[in-house]
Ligand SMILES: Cc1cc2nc3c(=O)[nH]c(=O)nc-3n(C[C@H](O)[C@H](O)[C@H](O)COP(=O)(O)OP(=O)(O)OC[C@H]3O[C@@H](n4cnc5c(N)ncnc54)[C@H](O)[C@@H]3O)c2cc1C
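To begin, one chain is listed below as C-alpha cells, in the form predicted alone.
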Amino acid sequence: MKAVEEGRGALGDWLEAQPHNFYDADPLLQILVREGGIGDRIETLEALGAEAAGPLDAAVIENNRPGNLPSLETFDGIGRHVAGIAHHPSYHRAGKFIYESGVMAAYAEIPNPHPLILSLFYLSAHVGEGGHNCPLACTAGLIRALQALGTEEQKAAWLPGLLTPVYGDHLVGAQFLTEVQGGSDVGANATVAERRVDGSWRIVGEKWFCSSADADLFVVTARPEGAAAGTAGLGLFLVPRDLDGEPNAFVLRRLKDKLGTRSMVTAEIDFEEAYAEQLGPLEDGFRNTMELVIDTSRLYNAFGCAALAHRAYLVARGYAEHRRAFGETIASYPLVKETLSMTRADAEAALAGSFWLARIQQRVDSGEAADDEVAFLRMGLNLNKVRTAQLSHDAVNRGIEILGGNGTIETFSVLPRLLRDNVVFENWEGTHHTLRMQAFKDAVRFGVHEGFFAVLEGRLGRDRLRGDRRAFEQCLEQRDTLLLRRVCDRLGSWIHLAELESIDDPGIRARAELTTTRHLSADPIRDGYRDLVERCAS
C-alpha cells in the first residue's frame, strides 16, 4: 500500500507543479514580446496567462465533458423557430475570460497590433480550442474585412459590438465558405446571391461546414446571378444572424459530430433567401476573402497549433519529472530526454515562425513592408500553417507517449482532447495538400517565390537554401507537384529556423540546432547528437 500511496502522491505532485501562468512558463514568448515591440503589454499577457492556466482551463475541461457539449434548439417552448444553440454555463465562463482579455478589442488599433493579439490568442489556446478560440479567428477575419471594405454604415452598425471587450455585449463573427460539393475547390460553390430592387441581396443555398454557427454576423461567399463560373464569379457578403429579432431566413440543419473542437458549434446551414449586404466590390470577392479572412485564420491556426505543442511539453515535462520507473524519474532516461527536447524544440519553432509572420503582417498593414516581404508573407502563411500543424500533432502525440497508458485517458490530462483538436486544426483553412498547392500556384502565377527566397536568404544566407530553392524551382519548371510535400515542408522549417537563429539565448539556440538536425539534415544521427540532446534538455 505504501508504494501505491507514493505513486498516487507523485501524480498529485505533478498536477500541483503544473504552471500557474502560461506566460511565465514560456521563455521564448517573453523574448519575442520584448523584442517585438509589445513589451508595454506584459501585464495584459501575464493576466491572461494566469487565467488560462487556472479558471479558464478549468471551465474548458468542464465544458468538454460529454453532457455539457452544445446542443441544437431549433424551436422555443411555444414552437417558434429560433435556430438556437444551448450552451452549458461553463462555456460562458470560458468566454468571459477570453474576450475580456481585450483580444478582439485590440483590433480597434490601426494598424492592427498582430503580435499582441496573437500572443493573447496563443495563451488562451493553451487550453485547446475551448469553444471560443475558433470563433476568435473567425471574428478577427470579419473585423479586418469590415475595416478594409465596409461602408461607413456597415462599420457603424457592426464594429462597436465586434470590438467591445465586455463578454455579455460582444458580437461574434463567422465565415461560411465550404459547400458539400466544393470543399477546398471553392470555385465549385453553388450558393447564389439574388439582387433585390432596394440594392440588398438574398442568399440562397447550402453551406456544409459552418463553424461558429451561433455567431451574430456571417461573412458568406455566394455567386451573384449571372456571374462567371469559378472563383472569379464569387462575391463576398455580410449576413446578420437575426432580422427584427427572428432568424434571418436560414435553418440549422444539424450540428456536426466532430472528432475535436467539440465545445465549438459547427453546423450545416440552409440559406432560404437570407438578407445580405455586399461587402466590397463583387469582382474582388474571392481575393478579399482569401487575403482578409482566410489568411487571418491561417495565422491564428498556426498560433493555436504552437500553443497546443507548448501545452503538451509542459504536461509531459512535469509528468516525467515526477513519474518514477525502475528507481529513477523517467526524465533521467536518454530517450525521454530526447522526446522532451524534440517536443519543446517543435513548440518553439512553431511559435517563432508564426510570430515573425505576425510582425510582417503588421508591416504590410501599415504600408511599411517591401515588396519582397509582401511576397514572403503570402507564401509563408501557407507553408507555416502546414508545418506548425504537423509539428503540434507530433508534439501532442509525444506528450501522450511520455504519459504512457495514462496519456490515453480523457480524464487524466488534457492531451487526448488537444490531439483531437489538433486534427481539426490541421484540416481547417486548407488541408496540407491545398496549402502546398496554393504556394505552388502563387509562384507560377505571381512569382511570389522570388520574394520569399529573397527574405529567407537575407536571414540564412544563399548557400544554406540553395538545394531547396533549386528543388522548388524544378517543381515549377516541370509543373511537377509530386515533390511539393518534401520541399514545402522543408521551406516551412526554414521559416522557423530563420527566426529562432536570431534569438540570443543558449537554450533556444541549442533547440534550433536540434530542429536543423531533425528536419533539415540528411544525417540526423551525427557526431555530437547525444551532447546536443543534453544541452536541449538542460
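Residue positions are given as counts along the sequence shown, with the first one as 1. Everything numeric here is computed off the predicted structure, so don't read it as measured data.
The form predicted in complex with the named molecule is left out here; the points below concern that form.
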*Of the options 210, 293, 162, 276, which one has a non-hydrogen atom that comes within 4.5 Å of the named molecule in the predicted complex?*
210
*May I ask you to choose, among 384, 297, 101, 261, the residue with a heavy atom within 4.5 Å of the named molecule in the predicted complex?*
261
*asked:* Each of 36, 362 and 366 within 4.5 Å of the named molecule in the predicted complex, by any heavy atom, yes or no?
replied: no
*Of the listed stretches (234-242, 444-452, 164-172, 181-189), which one has a non-hydrogen atom within 4.5 Å of the named molecule in the predicted complex?*
181-189
*Touches the named molecule in the predicted complex: residue 427 (any heavy atom, 4.5 Å)*: yes
*Flag residue 147 as yes or no: does it have a non-hydrogen atom within 4.5 angstroms of any non-hydrogen atom of the named molecule in the predicted complex?*
no
*asked:* So in the predicted complex, is the named molecule close enough to residue 254 to count as touching (4.5 Å, heavy atoms)?
replied: no
_Whether residue 176 contacts the named molecule in the predicted complex should be assessed with a 4.5 Å heavy atom distance threshold; does it?_
yes
*From first to last in sequence, which residues of 430-467 have any non-hydrogen atom within 4.5 angstroms of the named molecule in the predicted complex?*
430, 431, 433, 434, 437
